[in-house]
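Before any questions on how it binds or moves, here is one chain, the form predicted on its own, in structure tokens.
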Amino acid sequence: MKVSIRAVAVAAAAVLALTACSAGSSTSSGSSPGGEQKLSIGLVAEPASLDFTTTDGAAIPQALLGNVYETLVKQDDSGKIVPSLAKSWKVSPDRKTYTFDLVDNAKFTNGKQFTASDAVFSINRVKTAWTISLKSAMDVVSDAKALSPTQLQVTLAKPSNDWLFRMTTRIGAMFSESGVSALATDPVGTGPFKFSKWNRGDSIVLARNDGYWSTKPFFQQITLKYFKDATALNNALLTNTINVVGTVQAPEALSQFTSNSKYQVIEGTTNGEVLLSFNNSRPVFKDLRTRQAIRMAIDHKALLDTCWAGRGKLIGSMVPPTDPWYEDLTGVAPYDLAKAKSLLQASGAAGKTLRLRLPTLPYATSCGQVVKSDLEQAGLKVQIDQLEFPAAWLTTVFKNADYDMSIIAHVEPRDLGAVFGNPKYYTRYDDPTLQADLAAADAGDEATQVADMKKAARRLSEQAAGDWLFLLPNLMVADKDIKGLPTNAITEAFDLSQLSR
């Protein structure tokens, strides 16, 4: 199987809400007196570190992947895997050996040439030095070696449909062996931008990499600016402090922009499933009837209308419409308050108190109140705790699983297996049947993969491993003259190189 070379310079942007990573300067971007083109983008939830090899969450790859760091392959805006640092590749008939032909003119921002040896180092380092749970996607690699400075061979222990796709994500990022000593504060990559500075609590500044090996970006400086709340974020655009609202956090306030010809509104889809997660290791969630009752107690249409102004999509499981195995599974657990009450009585959960621990993110705070109201009408008691995001939520809920329920948008692409196929993940969900479906999907041909992933998604919904409140929309607002903003956000990266005015 041969993949032909294509001149592709698009990596679809994922401006989602699990940990939107942004920052900026205090002045609106435009042309400086010297003619320098600058841009400022407003986002929420500043990352605690710039090292996505040891720190979970989507904020870091959103800012750095595709901008500072590059991968061998990437996704275009349709989700197709296309060349990046690898200009072409071929796969052996047994689907276990991948041979990549690499570009010969890429350099890291520390001046070192990118070669196949760096690719070997990067792949092996995922297995030996990374600590985040997503690293497990590299376990299938049995060997990586440089055949020449521009040719890499990777051998898998078994065929895997998933592995090449995962190489478009953060685990596929290419590092310089001499550039990993300060990943948390000084990232080094081959991308179109280089890290400039981090004003903690305010902004991250990226500067154009004028030594970039491919098409250079339009903007010489892009500032990602963090905001604590939706009103401040919107006001920053209205007062020319920023040029782009990268993740709209108050959809109900969009009318102030749609009615003003100065601005443009981008609306599309994402792969950010807003999950009401259950701690499945807790005794109360061991009973399927309790889990089903919680799902049926929630009026999802009313919830979406109330907490996100009706923007988004109801999905019913952990698969967005942009994935090949999507099915509308909202009918698996329709709203039925009477049945929810009956199930809670039958399971013995009625009257019990569940602790809903929420990150301080607008969608979680807003939707959490609706969830509390709906569940209490069904006979549960719900105690809401607010946890500062990202640090406190990641430590308390994600790392230590000290919670009963939570609400978070999972924005990593094709993340059903990561969230529910690993019993050690914070959802603590352990279902051998689901795990077998996922394994069969990974090993089979394309048709088998689609069929088995559909089986996995349906089982997940029928077993009520969590509740999928809705799929986040991609909502952005920007100055009218900004070009290149993505309609859909289906990857971990926000590709800043495509932006211009």
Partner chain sequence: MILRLIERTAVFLVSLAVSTVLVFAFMAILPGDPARVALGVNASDQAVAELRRQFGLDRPLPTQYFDWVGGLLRGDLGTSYVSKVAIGPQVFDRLQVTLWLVVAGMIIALLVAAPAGTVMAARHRQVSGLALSAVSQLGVAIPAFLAGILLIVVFAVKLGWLPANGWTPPAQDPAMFLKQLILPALSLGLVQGAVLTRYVRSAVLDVLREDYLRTARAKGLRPFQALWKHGLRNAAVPVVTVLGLQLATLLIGAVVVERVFVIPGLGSLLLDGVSNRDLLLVQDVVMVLVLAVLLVNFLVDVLYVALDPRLRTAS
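Positions refer to the first chain, counted from 1. Under this definition, the rigid core comprises the largest set of C-alpha atoms superposing within 1.5 Å between the forms. If you're wondering where the values come from, they're calculated on a predicted model, not measured in any experiment.
FYI, the form predicted in complex with its partner chain isn't displayed, but the following is about it.
Practice task
Select, from the options 77-85, 187-195, 131-139, 376-384, the stretch whose residues sit within 4.5 angstroms of its partner chain in the predicted complex by heavy atom distance.
Solution key: Flagged stretch: 131-139.
Problem - Partner-contacting position among 357, 225, 166, 295 - heavy atom within 4.5 Å of its partner chain in the predicted complex - result: The residue from 357, 225, 166, 295 that makes the contact is 225.
Handout entry: Interface residue in the predicted complex among 202, 323, 299, 287, criterion: non-hydrogen atom within 4.5 angstroms of its partner chain
Key = None of the other options qualify; the answer is 202.
Problem - Check all three, 55, 232 and 236, heavy atom within 4.5 Å of its partner chain in the predicted complex - result: Judged in the predicted complex, 55, 232 and 236 all sit within 4.5 Å of its partner chain.
Exercise for the section: Give a yes/no on whether residue 347 approaches its partner chain to within 4.5 Å in the predicted complex, heavy atoms considered. Expected result: Output for residue 347 is no: heavy atoms all beyond 4.5 Å of its partner chain.
Exercise for the section: Verify the contact flag for residue 113: yes if a non-hydrogen atom of it lies within 4.5 Å of a non-hydrogen atom of its partner chain in the predicted complex, no if not. Expected result: Looking in the predicted complex, residue contacts with its partner chain do not include residue 113, since no heavy atom lies within 4.5 Å.
Exercise for the section: Look up in the predicted complex whether residue 253 has a non-hydrogen atom within 4.5 angstroms of its partner chain, and give yes or no. Expected result: Close contact is absent here: in the predicted complex, residue 253 is far from its partner chain, nothing within 4.5 Å, heavy atoms only.
Practice task
Please check if residue 70 has a heavy atom lying within 4.5 Å of any heavy atom of its partner chain in the predicted complex.
Solution key: Residue 70 lies outside the contact set for its partner chain.
Practice task
Kindly check if the Cα atom of residue 84 is displaced 2 angstroms or more between this form and the one not shown relative to the superposed rigid core.
Solution key: After core superposition, the displacement of the residue 84 C-alpha between this form and the one not shown stays below 2 Å, so no.
Practice task
Superpose the two forms on their rigid core, then report whether the C-alpha of residue 158 is displaced by 2 angstroms or more between this form and the one not shown.
Solution key: False for residue 158: its C-alpha shift is below 2 Å.
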